[in-house]
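Just the one chain here, laid out as structure tokens, in the form predicted on its own.
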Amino acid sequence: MWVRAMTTDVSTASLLHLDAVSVAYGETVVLRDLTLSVAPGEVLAVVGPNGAGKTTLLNGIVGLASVVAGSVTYDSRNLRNMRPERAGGMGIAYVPQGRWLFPYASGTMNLWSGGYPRRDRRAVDRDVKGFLSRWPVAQRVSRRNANVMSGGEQQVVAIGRGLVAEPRLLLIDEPSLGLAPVLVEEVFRVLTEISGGLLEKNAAIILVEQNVNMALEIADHVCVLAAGEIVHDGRRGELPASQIGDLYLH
């Protein structure tokens, strides 16, 4: 079993803090009055039904959606409505829903693209080779273009690309979406291992996921969104997965 042990030594200082945040696309407000924190060395799982605003939350953090109220603070800096291209230079990596790989680039080149904010190219090369050597699924597609990879292969490469960015904050959106159960297991095995390595460096992860059971295997902290609002925010284990589902299914 690949369950990650809950972090027991989490800093009380937030790496990312959202205070009374509302997020919109144009005139449409999707999230309202959200207050939420993630600490260094912590995995925050954000779960909820389709349309709850989970992806919008991540997009608001990186500037792909407009924060129309409240404050977003990252590492003591104001992040509200920053330009998306600044994220990498600030130590934020985003693994978006749908993977967004370069379709006609190989797995290796897609991994390399994650290292663009970094100056030490030898270190990037080391990290790309390290990821390929650790995960056979990535090694298998190292020379294959992304457009002919399976969904699971694409997702593993997308996660690796985020890891190569050497982030302090890694945002991952719906990694299990559209995958067969056996591929979901493989993807979460990768997530479990890389989360351990990142958290040892005092980085943090925000994982958006509809699969509550999988999310709870890896999370320290769980936030439940429904209809654009937080309906539960607490530590893993405070509520079983069935009760978390009840918060937004009934």
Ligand SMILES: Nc1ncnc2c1ncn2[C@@H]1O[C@H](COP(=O)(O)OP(=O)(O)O)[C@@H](O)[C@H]1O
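Numbers for residues come from their place in the sequence shown, where the first is 1. Here the structure is a predicted model, which means the values were calculated and not measured.
The same protein also has a form predicted together with the ligand, omitted here; what follows describes it.
Interface residue among S142, T73, Q97, S176, judged by heavy atoms within 4.5 Å of the ligand in the predicted complex: Q97.
For the residues I61, A52, A45, V187, the 4.5 Å heavy atom test against the ligand in the predicted complex is passed only by A52. With the partner left out here, the ligand still marks one of 37-45, 199-207, 22-30, 179-187 in the predicted complex; by a 4.5 Å heavy atom cut-off that stretch is 22-30.
None of the heavy atoms of S195 is located within 4.5 Å of the ligand in the predicted complex.
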